[in-house]
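First, one chain by itself in structure tokens, the form predicted alone.
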């Protein structure tokens, strides 16, 4: 599904990651973990083609990721970075916006489906009508995770998806991700509670 072959990233004329190779199978839930500064988030971003390796090859479903294929590959990916802004005034508008795009219209969920996912993630239904400036960081993370899941992409990329969550919310998020049957999920995390909840863990470090 996702193949890394001898991947090297260089930053400030120094190797950030060298000769990394790995294969992630379809439907796997994989956590990348390890000390800061060794390229975990860079590797995650490279799957969506936002960063190109200085050496090596990335293949998605057997297709080499390069400038000629990246746009097609991105259609099958939902990306949740660690830092992001909410450019919509209300939570309702935030949720609806990705599904207004032609490529995602067929996946547009009903309000009842959204409320069901809110419940699974421990979110109050009243959040749907709130302004985005009124929600907490943890609520924001769970809403964005829900959107990524509802888009029904083949691959979901999550960078520190639990950084603003308490232990109970982390447990709900773990269960939610594990229930994404058939979806390949690649995550970066420093949270030991989150990391240990998944069978496939890949250490990125010295």
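Computed from a predicted structure; not experimentally measured. Residue numbers count along the first chain shown, from 1.
This next part talks about the form predicted together with a small molecule, which is not shown.
Listed residues 35, 27, 167, 137 were compared with the small molecule in the predicted bound form; 35 is the one with a heavy atom within 4.5 Å. Figure note: of the listed segments 58-66, 145-153, 35-43, 169-177, the one touching the small molecule in the predicted bound form, with heavy atoms no more than 4.5 Å away, is 35-43. For the chain shown alone, residue 195 is not a contact residue for the small molecule in the predicted bound form, no non-hydrogen atom being within 4.5 angstroms.
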